[in-house]
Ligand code: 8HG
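Only one chain is given next, in structure tokens, and it is the form predicted alone.
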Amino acid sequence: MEIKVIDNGLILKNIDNFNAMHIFECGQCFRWARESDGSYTGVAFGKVINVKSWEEKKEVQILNTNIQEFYDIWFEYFDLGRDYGEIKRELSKDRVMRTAIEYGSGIRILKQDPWETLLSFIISANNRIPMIARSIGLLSQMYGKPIEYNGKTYYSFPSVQELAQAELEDIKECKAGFRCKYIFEAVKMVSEGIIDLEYIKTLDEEEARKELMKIPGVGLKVADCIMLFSMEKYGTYPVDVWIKRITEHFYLHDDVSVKDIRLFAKEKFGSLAGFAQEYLFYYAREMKIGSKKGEKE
């Protein structure tokens, strides 16, 4: 990788397997907005950056950052130390995965903040992406810190301490519906030390899942998403409606339980199950594989 410093940012050269659209639109994050030029502007770790990629040229442009922040935050956030080529080669031994990977070739699993990921995926339960993004945005606007960039005001995701000041009635203003009480309970449990996300991150997959599911609003799928997208538990295989249908469609050829799907994924993909899930999710959703007539995403 070569880094070129430009005005208000950086250009990363010789970057393989990086496509901003694939990364930000594969269901793992909710605070990135596509701009008219095809770039994405988002908020993470209290910073606002703009990202544009040219997969064919193997270049990535990151604006509103510098070398120090790149190595402190963005190198890890974008998982740039991992060889996605090797992951793709291994998974591509399977014909279905080979097709899915070709479609989402530039996906990378972001290393997100566990606290933000916890609340984001509580909000995501039985919800649509535009509504999830709206609620997270409102929560950040109400309790986060303002960040100015390019003539617009963005907001950091509120810390545990900032949200601990809020009452349930206040949280309801983020328009997350029945999930607001789960947000309120999660804030309480983390702020009081009942749940320690950094400790959970050190546990093995099964123990981490058990601890996360002690939080109201965190079921199996939400726990697996939190572990995959913020705790580096890459053997998890979060099962939502799209993953259930595509796994059944291509592999199991029958309507089976979520438990059976998860067991299949563990045996089939092993420690790469999380990466397989992201390629399959993006492929299934974009190609409408397994969608039902008249169904909204």
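In case it trips you up, residue 1 is the first one in the sequence shown, and so on. If you're wondering where the values come from, they're calculated on a predicted model, not measured in any experiment.
One more form of this protein should be noted, the form predicted in complex with the ligand, which is absent from this view; the next part is about it.
Here the marked residues D240, I243 and R285 all reach the ligand in the predicted bound form, each with a heavy atom within 4.5 angstroms. For the ligand in the predicted bound form, the listed stretch (212-220, 128-136, 149-157, 93-101) containing residues with heavy atoms inside 4.5 Å is 128-136. For I107, no non-hydrogen atom is located within 4.5 Å of the ligand in the predicted bound form, even though that partner is not displayed. Among heavy atoms of F269, none comes within 4.5 Å of the ligand in the predicted bound form. Heavy atoms of M231 never reach within 4.5 Å of the ligand in the predicted bound form, leaving it off the interface. For the chain shown alone, T247 is not a contact residue for the ligand in the predicted bound form, no non-hydrogen atom being within 4.5 angstroms. For the options V60, I49, C26, A265, the one in contact with the ligand in the predicted bound form, meaning a heavy atom within 4.5 Å, is C26. Heavy atoms closer than or equal to 4.5 Å to the ligand in the predicted bound form belong, across 270-284, to the residues Q277, E278, F281, ordered by sequence position.
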